[in-house]
Ligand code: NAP
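Shown below, as structure tokens, is a lone chain in the form predicted alone; questions about how it binds or moves come after it.
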């Protein structure tokens, strides 16, 4: 039975993630962490969760704290803290502000909870995942980000709608940046086990329209209701369950890659990875030449921003871990 801590539990995503994670049978304790001064709010969230557990018969414990030392003993630390994205902002506009927050916490987490996995949710998630990896001192398989997992689910739903099939019949992925340079893998997309490009109706699929929807979905939700909540919350819970349940699923998350995708690497970015109780392991894949070129461009974009952020943070090391 595991302890899952949520750093940033006063935010909407952190709160809903806590509720979703509470449904995982392997979770013994959910710890809500917020900055000093947020204690009354944290207590209110904890009480509300406990009331919901009484209604659903959930047997998880809920604790709350503003003392980072209490993260000790965590199996998974979900990091949702940071400055939220405004409607007019790109995820990368947030990079420096959130990098300062993440780097400070990562150092402390590395010392306080050396055995914990870090699941990064804070945007821009690919860059923040790399910041957490470097400053925590953890191994690459112990730090990963939400990445393009939710984007892949959005594409899956859009394809299912276009082909009028149940969403479970669609298998697809998006790799690369969780952002504008994301890369849909049509070469790895199937419907009912059939390669999508082998279906005559594929020629009539509005690919550009679908990808515009996937890329802009988060921004549209933010503009409409202030923040994305339920999609990220459920996606976070899926990843936590996959690790704690030792499920060996292959999901698309932000992870540190070296040469798994056509020898492109040295960056944290969205890729298919095998996830189990030992951590997150990128899966070597081969994709079509146009997809390789797009992925290379996405990697270079994220690598350049990451290097700039590390330089500003006055990181003395020149090479990525």
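Predicted, not measured: the structure shown is a model, and the values here were computed from it. Residue numbers count along the first chain shown, from 1.
The form predicted together with the ligand exists for this protein as well; it is not shown, and the discussion that follows is about that form.
No member of the trio 2, 243 and 279 reaches the ligand in the predicted complex with any non-hydrogen atom inside 4.5 Å. Only one listed stretch (160-168, 245-253, 101-109, 193-201) carries heavy atoms within 4.5 Å of the ligand in the predicted complex, and that stretch is 101-109. Checking 207, 223, 96, 83 against the ligand in the predicted complex, a heavy atom within 4.5 Å turns up for just one residue: 83.
Using a 4.5 angstroms limit between non-hydrogen atoms, residue 150 touches the ligand in the predicted complex. When contacts are judged by a 4.5 Å heavy atom cut-off, residue 216 does not count as touching the ligand in the predicted complex.
Residue contact check for residue 20: none of its heavy atoms lie within 4.5 Å of the ligand in the predicted complex. The shortest heavy atom separation between residue 228 and the ligand in the predicted complex is within 4.5 Å. If you take 229-261 and check each residue for a heavy atom within 4.5 Å of the ligand in the predicted complex, you get just 232.
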